[in-house]
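One chain follows as C-alpha cells, the form predicted alone.
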C-alpha cells in the first residue's frame, strides 16, 4: 500500500480526527513558538484534518493558511471541517509544492515529514517557497533516538525515513536553512495508566510508555531561510 492509499483509508475511517487529538498536545506547543506576524502566509505540510491551519488563522494571526497533503481524502475531509475562505487545502507532493518561489512566510509540519519520498528534495523545495527570514517548524515522533517508534514503518508496511537529531540538522543545513533550534517536546497530556494496569495492548511496561511520551516526545527542528 502507498502512503496515499494508507491515508485515504485513514480518512475514510475517520482516523484523521483521532490523529488531530493525539498530535494536538505537542502541536500547539510548536505552533505557539512560530514567529507569526499579522497577515503572514503559512503552510501546513501534511495537513491531515487541517487543524493546524485553522488554529493559525484563529489564534496565530495568519493572513492566509494553506494545507498540503498527499491524500485526496484527507484534503476533502479538511475542507469539510473548515469554514474560512482564507484557508485552502491542496493535494500535492512534498517534493513539488504548488507555490511560487518566496511566497510563504512560515511552514509547519507535524508527524508528516518522514513520509516524503525524498526528504532532502522536500527541504530544497521548502527553501524555494519560503521567503528570506521565514521558518520551517518540523515536528516528528518517528526518529532514531525514539526507540519506541522503530517498528512503525514495518507495522504500516511503508518505507519511512528515520533520521537522528544530528541528521536532521545536517539535512536542513545542506538544503540552505540555518538551524535556529532543536528541541524535544514532551507530551504531558497523554494519560499513562497506573502500574497495575500493565501490560496493556501496546505497552509491556509503564516505564516504556513514560519514556516514549514524557522523555522522547516530539523532536522539533526549526530551520530559517537566510
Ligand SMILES: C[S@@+](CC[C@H](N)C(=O)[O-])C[C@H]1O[C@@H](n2cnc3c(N)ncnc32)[C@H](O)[C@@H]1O
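Residue numbers count along the first chain shown, from 1. Model, not experiment: these values are computed from the prediction.
Although not depicted, the form predicted in complex with the named molecule is the subject of the following passage.
- the named molecule in the predicted bound form: within 4.5 Å of a heavy atom of each of 94, 110 and 115? Verified in the predicted bound form; spot residues all in contact, yes.
- Any idea which of 195-203, 173-181, 47-55, 28-36 reaches within 4.5 Å of the named molecule in the predicted bound form, heavy atoms considered? One stretch meets the cut-off, namely 47-55.
- Query: Would residue 60 show up as a contact with the named molecule in the predicted bound form if we use heavy atoms at 4.5 Å?
  - Reply: No, residue 60 sits far enough from the named molecule in the predicted bound form that none of its heavy atoms falls within 4.5 Å.
- Query: Quick one: does residue 135 come within 4.5 Å of the named molecule in the predicted bound form, counting heavy atoms only?
  - Reply: Although the named molecule is absent here, residue 135 would stay clear of it in the predicted bound form, with no heavy atoms inside 4.5 Å.
- Message: Since only the chain is shown here, I'm wondering whether residue 23 would be in contact with the named molecule in the predicted bound form (any heavy atom pair within 4.5 Å).
- Response: Flag for residue 23 set to yes.
- Query: Even though the named molecule is not shown here, does residue 3 get within 4.5 Å of it in the predicted bound form, heavy atoms only?
  - Reply: Residue 3: contacts the named molecule in the predicted bound form.
- Which residues in 56-84 have a heavy atom within 4.5 Å of the named molecule in the predicted bound form? Result: 69, 70, 71, 74.
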